[in-house]
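In structure tokens, the next block holds one chain alone, the form predicted alone.
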Amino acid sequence: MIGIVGYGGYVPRLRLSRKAVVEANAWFAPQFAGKARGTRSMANWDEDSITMAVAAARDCLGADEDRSHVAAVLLASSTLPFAERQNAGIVREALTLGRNVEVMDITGSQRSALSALGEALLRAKADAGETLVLAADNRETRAASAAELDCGDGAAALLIGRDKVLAEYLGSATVSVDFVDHFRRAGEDIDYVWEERWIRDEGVGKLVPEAIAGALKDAGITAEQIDHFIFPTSLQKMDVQLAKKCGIREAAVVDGLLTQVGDTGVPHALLLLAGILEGAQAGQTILLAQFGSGAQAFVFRVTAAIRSFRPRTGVSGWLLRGVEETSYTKFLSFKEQLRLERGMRGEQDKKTALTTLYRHREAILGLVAGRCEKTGEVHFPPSRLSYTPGQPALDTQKPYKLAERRGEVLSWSAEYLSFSMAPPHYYGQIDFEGGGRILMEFTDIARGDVESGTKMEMVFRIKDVDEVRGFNRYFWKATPLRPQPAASDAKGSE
């Protein structure tokens, strides 16, 4: 048996009010008045496809430091920040996975996450170890466009393997056709989209049923046996129409989270799957399909092991953590579509010394400290010299991971003197459980969220952006530890 052995997701905390967007653009685009309902997920300024993929992976893998079971990381996205640097390699460093873990970026299509899933299943069939499939998108859209309202930001993670399978893989099918519903040339930031009716009738309406029929045949089951049908789309009622055309019960159609999150693009099918698995029952069948340069579909059957696994937060938990954002200019600024005055304090050169980054990559990207074997003191950054007062020692430090450890605010500040993309600039001294103290920036924070003694958790984020050379510098930040939703609350949000 091969299939899904773990799952997780991530939805950014900020949820942009569609009403705020529509009202801001009403002078120019009054035709979108009917879309002024609900919210769409909105990445913070320090989030991108890499940081969101790390968040989803941590949701899937949990806090266990032993991640030696992961043999490969496949990262699917249409918005990878680096065209010539292994984005999945940065994720591997942040997750402190082994040096021999295979990493791969997969892109070029809205169904690239399903392509990554297919590759992971082939690896599992060959008994090549567990594969972590990650998908994330942080798309840029044109202001006052339908896509601006329909899209959302997010990420998802699946762990594929052979041990303690939660959802058994039954079959799949692929239809590869160069049907261009939208495109973006290399070097461009925003997609060019073709006419909606053509996409609906000639693209989705003809290609997806072909992939679904092939997957059902490969799985040896009928359409009537499907309990959950996942097809992410921003085309109104397209998922219901597809279900009817393919003989799938309408009751099986999974809600696309469009009113809360929007269509997150490449990761959306896996994000919906992760949400469904939280409440799935043994024996239920799941049909997963996605459109893009053709179509692809997979069939899974939930096993009795489903109750033995829970993600750290889960899609339902991320949904409950959402905070509505009504500032449209903040959204445009975070998407780098509105250049605000930064003043002289925002002019410093942020060139990254790549030699230093390489030498200290475990500390910077993995938040790995050093723990002295003689004194038990934790030092960050780690060094050959343990500098405990009065007890200097050489080469006594061993790697000590801090990313999954909680911290507590010792002292903090919130000020407008230094430049910040989301003022005021919050930072403070964090004392970690088990030892270690670091001066860290805070993120995903609002007035009143923090004081001395506040419990904090660590998140992987963008530290600085070198706009001159086009380089993102990553590090860890602290954010308030928010309570997990009660089981009843999580169920009610699905």
Partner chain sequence: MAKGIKDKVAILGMGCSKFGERWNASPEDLMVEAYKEAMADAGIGAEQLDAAWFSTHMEDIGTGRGGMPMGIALRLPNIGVTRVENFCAGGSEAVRAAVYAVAAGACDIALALGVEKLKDTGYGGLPAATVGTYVPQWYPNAVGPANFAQLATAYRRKFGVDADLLKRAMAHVSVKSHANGAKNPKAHLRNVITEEQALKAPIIAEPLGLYDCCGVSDGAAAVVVTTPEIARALGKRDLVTFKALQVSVSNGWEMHSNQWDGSYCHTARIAARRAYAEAGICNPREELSLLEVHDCFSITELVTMEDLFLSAEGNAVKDVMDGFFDADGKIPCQIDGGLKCFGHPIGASGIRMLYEIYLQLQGRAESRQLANPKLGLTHNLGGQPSQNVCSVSIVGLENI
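Small disclaimer: the values here were computed from a predicted structure and weren't measured. Residue numbers count along the first chain shown, from 1.
The discussion below concerns the form predicted together with its partner chain, not included here.
Residues placing heavy atoms within 4.5 Å of its partner chain in the predicted bound form fall in a single listed stretch, namely 437 to 445, out of 30 to 38, 64 to 72, 437 to 445, 48 to 56. Of the residues Asp181, Glu377, Glu93, Glu278, just one reaches its partner chain in the predicted bound form with a heavy atom at 4.5 Å or closer; this is Glu377. Checked against its partner chain in the predicted bound form, the candidates Thr352, Thr107, Ser327, Ser145 yield a single residue with a heavy atom inside 4.5 Å, and that residue is Thr352. Looking at Asp395, you'd find every heavy atom of it more than 4.5 angstroms from its partner chain in the predicted bound form. In the predicted bound form, at least one heavy atom of Val409 sits within 4.5 Å of its partner chain. Using a 4.5 angstroms limit between non-hydrogen atoms, Leu417 touches its partner chain in the predicted bound form. In the predicted bound form, Thr174 stays away from its partner chain, with no heavy atom inside 4.5 Å. Heavy atoms of every residue among Ala363, His425 and Gly428 are located within 4.5 Å of its partner chain in the predicted bound form. Applying a 4.5 Å heavy atom cutoff to its partner chain in the predicted bound form picks out no residue from 104 to 121.
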